[in-house]
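A single chain comes next, written as C-alpha cells; it is the form predicted alone.
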C-alpha cells in the first residue's frame, strides 16, 4: 500500500511593523530619507544628461571611442577615450597595489596584533580615510613623487625590456606609476575596513580547528580565512575601484594628462583621468566645452555607479546574515 505523503507546510513570513507612534515616525523618516537618496542620484544624472546632451548629440559614439580634444576648430572636437582608458588603468593599478596592503592590515588588526595595538592601527587607517584629497595630492607631489621616481628608474633599469616599464623619454615624473601609488594610498582604508569587517564575522571555531589539525598561520590564512572571506574582499575591492575611478585632485597633482593614449607604459610621463581632465579644463571652458565636460562626467558617473551596484551585490552575497 503506497504511503501517502503530506505536502510540506508553507513557510511563514514573519513581519514586524512599528506600532508605537514614535516608532512609526522614525520608520517614516528613515524610509523617506532612503528613497530621497535614490531620487537625488536620479536627479543628478538627469541634470548631467540635460547639460551634456549637445555634446552627445554632436559627437555621437565618437565621444567615447575617439582620442582628440581640439578647441581650435568650430565646432570643437571633444573625445575622451584616452581619459577614460587612463582612468580605468589608474584604478586597476591602484587596486593591484592596494589589495595586498589592505588584506595584510585587516589580518594584522583582527588576528595578530594585541588589542591596544590593533586599536591604534585601526585609528590610523580611519584617519587616512578622512584626509582630504588635496592633502594627499600635495604629499604625493612634494614627498612621494621623488621617491617613486627612484623606484621607476630602478624598474626601468632592471626590467626595462618589459613594455610595462619601458621608458624612451627619460622622464619618470608625473607618470601612471606614481599616480597608481597615490590611488592605492587613498583606497586602502576602504578595502581594509570591509575586509576587517568580514574577518571579524568569521567563525573563530573554524580557524581554531584548522590550527588544532596542525595548520600553520600561513596555511590557515590561505586555505581557511581567504576562501571564506573572498566574496567580501572582492566587494570591498570593487568599492575601492569605484573610489579610484572618481579621484580628481590628487591625480591632478601627480599625473601629466595627455590625449596621446598610454596603453601600458607605466613609467612614461603621460596618462589620462576623466575627473582630473574636468578639473583642469572647467575653469576656462566655453559653454559648449562645458557640455562636453558634463558628458565626460556622465560617462564616469554611470561607470562608477555600476561598479558600486556590483560591489553591493557581492558584499550581500558574501554576508547573507545582512539580508
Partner chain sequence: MAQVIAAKTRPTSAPWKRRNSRNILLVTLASVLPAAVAAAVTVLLGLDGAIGLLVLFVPLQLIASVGIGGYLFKKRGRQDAALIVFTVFFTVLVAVLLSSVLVAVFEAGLRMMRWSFISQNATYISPTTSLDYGGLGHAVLGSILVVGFTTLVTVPLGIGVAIYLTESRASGRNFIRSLIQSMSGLPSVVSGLFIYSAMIVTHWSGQSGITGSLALMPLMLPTVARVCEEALRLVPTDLRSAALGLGAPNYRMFLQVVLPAAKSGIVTAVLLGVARIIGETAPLLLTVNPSAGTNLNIFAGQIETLPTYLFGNLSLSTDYSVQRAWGAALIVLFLVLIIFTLTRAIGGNKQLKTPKKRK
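Residue numbers count along the first chain shown, from 1. Heads up, when I say rigid core I mean the largest set of C-alphas that superpose within 1.5 Å between the two forms. Just so you know, these numbers come straight off a predicted model, no measurement behind them.
We do not show the form predicted in complex with the partner chain, though everything after this point is about it.
- Residue contact check for residue 161: none of its heavy atoms lie within 4.5 Å of the partner chain in the predicted bound form.
- Among residues of the shown chain, residue 201 is one whose heavy atoms approach the partner chain to within 4.5 Å in the predicted bound form.
- Proximity of residue 76 to the partner chain in the predicted bound form: non-hydrogen atoms within 4.5 Å are absent; the residue sits far from the partner.
- For the chain shown alone, residue 248 is a contact residue for the partner chain in the predicted bound form, at least one non-hydrogen atom being within 4.5 angstroms.
- In short, of 166 to 174, 210 to 218, 68 to 76, 81 to 89 it is 210 to 218 that has heavy atoms within 4.5 Å of the partner chain in the predicted bound form.
- Residues of 160 to 182 placing a heavy atom within 4.5 Å of the partner chain in the predicted bound form: 181 alone.
- After superposition on the rigid core, the Cα of residue 25 moves by 2 Å or more between this form and the one not shown.
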